[in-house]
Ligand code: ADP
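To begin, one chain is listed below as structure tokens, in the form predicted on its own.
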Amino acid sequence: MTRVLYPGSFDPITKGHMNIIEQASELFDEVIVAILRNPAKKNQFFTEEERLDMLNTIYSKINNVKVVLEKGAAVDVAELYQCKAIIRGLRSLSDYDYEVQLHQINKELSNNKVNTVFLFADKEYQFLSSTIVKEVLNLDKPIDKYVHPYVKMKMYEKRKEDNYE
């Protein structure tokens, strides 16, 4: 069985992320979607548990996608789940340089056991990021085109909670 890891913060998961997961699930036997704690990202919109709930809800009926919440380096999580590769989504040329650096360091840290597979998001998602979705929400513009309906509902609930604190 070929198992791969798709790591990220997914704060929130976008249709761009979902596009990469869908592509990976068609190419590999199992996709481990790992919500990783990123200490560099101080301002989280959703808690890790809220993100886990959203991804589990979205992928509950997809047999070869498993969602986990982990901490540490993506390469360590890949080895923990016996993944042959880490999936990385590319949106544009600006992503490329950073992703090549990650690929090389992950390969070195895993003693060449974990490779990286780059997948390109479909053209309608090339511009999409979690940051942009949050900005569109804060501008009171519709986010339907960018996130799953369950995520949209959770984002509106969260914004309402935050406005009344």
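None of the values given here were measured: they were computed from a predicted structure. Counting begins at 1, following the sequence as shown.
The same protein has a further form, the form predicted in complex with the ligand, not shown here; the description that follows concerns it.
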Heavy atom within 4.5 Å of the ligand in the model of the complex - the one residue of 114, 58, 137, 128 that qualifies: 128
Any non-hydrogen atom of residue 73 within 4.5 angstroms of the ligand in the model of the complex: no
Any non-hydrogen atom of residue 80 within 4.5 angstroms of the ligand in the model of the complex: no
The ligand contact at residue 53 in the model of the complex, heavy atom, 4.5 Å: no
Partner proximity in the model of the complex: residue 121 to the ligand, non-hydrogen atom cutoff 4.5 Å: yes
Region of this chain that lies against the ligand in the model of the complex, out of 42-50, 95-103, 24-32, 58-66 [heavy atom, 4.5 Å]: 95-103
Within 4.5 Å of the ligand in the model of the complex: residues from 71-107 (heavy atom criterion): 88, 89, 90, 91, 95, 99
